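Next up is one chain by itself, shown in structure tokens, the form predicted alone.
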């Protein structure tokens, strides 16, 4: 099943109403955890999603399952965003957007870390790496990224910078200055 498909991760495709409920639960959960952090309850998620608590637990038996689904959805969005970009500046645009998003998604990731949730999403991460690889290839063809730059280094930089923005709460100025240093290195000038 595609990482972007609206289904239960381990089961058959969901009925249309179940897909809508799942999407509403995930939307509500993202908002609730962003606003309330680690103290947020699944009851509040259910209330904001307009569903019964049993519906939340049918889709996500534990809070950790719900948080993992949020992270999977966030990664799937990143894959889609990377796929929409291209050309000489696509990699730089993606880098900038991702760092800005990392700085804004602190509460969900912090909650996962506090709960000790280890998310293993190799398929989704693999799709992201492929999309970034395509952006890198296009940037190198356009001459905006040095040909000596390889995908493992780009992924290491992307992950490291996002972790810094995520845990450091970087403001826009720090994001811009840091990305300027990285982009200068990628250009190889």
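Positions refer to the first chain, counted from 1. Note that the coordinates shown come from a computational prediction; the quantities given were computed from them, not determined experimentally.
Below, we refer to the form predicted together with the DNA, which is not included among the displayed structures.
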Go through 41, 140, 130, 163 and name the one with a heavy atom inside 4.5 Å of the DNA in the predicted complex.
41
Which one of 69, 136, 51, 32 is close to the DNA in the predicted complex, taking close to mean a heavy atom within 4.5 Å?
51
Residue-level contact is defined here as any heavy atom of the residue lying within 4.5 Å of the DNA in the predicted complex; does residue 174 satisfy this criterion?
no
Wondering, does residue 20 line up within 4.5 Å of the DNA in the predicted complex on heavy atoms?
yes
Touches the DNA in the predicted complex: residue 181 (any heavy atom, 4.5 Å)
no
Is it true that 101, 150 and 155 each have at least one non-hydrogen atom within 4.5 Å of the DNA in the predicted complex?
no
